[in-house]
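Quick heads-up: it's one chain on its own, the form predicted alone, in structure tokens.
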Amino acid sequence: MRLPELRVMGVDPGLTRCGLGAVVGRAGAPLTLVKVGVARTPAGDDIGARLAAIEVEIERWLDEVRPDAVAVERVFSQSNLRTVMGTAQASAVAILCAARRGLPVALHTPSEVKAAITGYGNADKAQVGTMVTRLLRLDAMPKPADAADALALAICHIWRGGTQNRLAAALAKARPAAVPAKGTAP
């Protein structure tokens, strides 16, 4: 059985630079770049204005890219609480934008993405960028690293998340129907 192609938008959340990238493909087949970029907000602006600007950009991308799913980097514990909070807030905006449209959202950890892309969960940003460039057959590495990371998230989801989602759906379909509780209508 041939897996269907998925169009996935990856989001590498951040307040100053929020990486955005979209890829189409299926596990075991060549992947194609749809779009890549970064939503930027000035560090000196009010947090509400920054989050609103990120929301506007993500909504614009969703309109243009029309993904089947959205893959967001799972906020991972960092030593800098301010960075963690900004990342979590930008992540929540991406999740909310996708949820409004009924799009499935998958959260992938940085080490999961690195392992999927490079085969090594502790790969550095240059290694991830190099592999993204090769996998998408690009002439140059996407810059800044946030853009390459967003593409890596999309690729990871196509390779791992898409298959996991189809497996979960098949298992749910194969389960026997729930038996109604005694005294309730079927």
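The structure displayed is predicted, hence computed values, not measured ones. When you see a residue number, it is the position in the sequence shown, counting from 1.
Another form exists, predicted in complex with a further copy of the same chain; not displayed. Remarks below refer to it.
*Asks:* Heavy atoms within 4.5 Å of a further copy of the same chain in the predicted bound form: which of the stretches 146-154, 45-53, 121-129, 28-36 has them?
*Replies:* Of the options, only 45-53 has residues within 4.5 Å of the partner.
*Asks:* Is there any non-hydrogen atom of Ala116 lying within 4.5 Å of a further copy of the same chain in the predicted bound form?
*Replies:* Output for Ala116 is no: heavy atoms all beyond 4.5 Å of a further copy of the same chain.
*Asks:* Is there any non-hydrogen atom of Gln89 lying within 4.5 Å of a further copy of the same chain in the predicted bound form?
*Replies:* Yes, contact at 4.5 Å.
*Asks:* Taking only heavy atoms into account, state which residues of 89-111 are within 4.5 Å of a further copy of the same chain in the predicted bound form, ordered by sequence.
*Replies:* Sequence-ordered list: Gln89, Ser91, Ala92, Val93, Ile95, Leu96, Ala99, Arg100, Leu107.
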